[in-house]
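Only one chain comes next, encoded as structure tokens, the form predicted alone.
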């Protein structure tokens, strides 16, 4: 499960078809809004975050990762009761970071994807928490056991989602 450094010539950049680019994030945001209402345990997962990480690491373009994360985050914000921009900002940071890191590291194996998802889940939660508490003044509590469980659960689900995304990505 070693993460290896790759040179710029070795990096494969992928793209997604227009239907996949639109439908996969829309489905993830819809499921994120609907499933926790029917199955409360599902609120531990963040499908839009996993899709953002998957798209960003496959495309390996910081601009594309930034835009993907921002659009998915704003769409997710629109379906929550929170102020618009919380998910938008945090997923923008994750999209940019994941695509930038995808350029430098081999993120094609399951171990690297697992570790990458853990790292960016923590980044997402810290950015979200800091913006919500510091800039907006929302009262939120940080729960280490809940965050740890969410982190590991999202990383495991992320590996499965990335394998599914591998089936629809196209080599450029």
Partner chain sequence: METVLGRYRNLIVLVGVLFAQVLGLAVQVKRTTDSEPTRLIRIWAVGTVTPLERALVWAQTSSRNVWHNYFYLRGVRAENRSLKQQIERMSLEQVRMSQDADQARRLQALLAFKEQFISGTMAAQVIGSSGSELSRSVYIDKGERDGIKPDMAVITADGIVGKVLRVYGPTSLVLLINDQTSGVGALLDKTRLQGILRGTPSGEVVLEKVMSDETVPAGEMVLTSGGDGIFPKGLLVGRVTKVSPGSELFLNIRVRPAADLSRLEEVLVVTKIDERQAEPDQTGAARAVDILAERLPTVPSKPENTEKGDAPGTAAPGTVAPTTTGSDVKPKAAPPEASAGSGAPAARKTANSSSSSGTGSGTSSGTGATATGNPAMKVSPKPVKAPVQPKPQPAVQDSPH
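Residue numbers count along the first chain shown, from 1. Worth saying up front: this structure is predicted, and the values here are computed from it rather than measured.
Heads up, the form predicted together with the partner chain isn't pictured, but that's what we're talking about next.
(message) in the predicted complex, does residue 30 come within 4.5 Å of the partner chain, counting heavy atoms only?
(response) So residue 30 counts as contacting the partner chain.
(request) Check whether residue 123 has any heavy atom within 4.5 Å of a heavy atom of the partner chain in the predicted complex, and answer yes or no. (result) Contact with the partner chain, no.
(message) Under a 4.5 Å heavy atom criterion, is residue 66 part of the interface with the partner chain in the predicted complex?
(response) Contact with the partner chain, yes.
(message) Please determine whether residue 40 contacts the partner chain in the predicted complex, using a 4.5 Å cut-off between heavy atoms.
(response) Result yes; residue 40 sits at the interface with the partner chain in the predicted complex.
(message) Residue by residue through 97 to 136, which ones have a non-hydrogen atom no more than 4.5 angstroms from the partner chain in the predicted complex?
(response) The stretch touches the partner through 128, 131, 135, 136.
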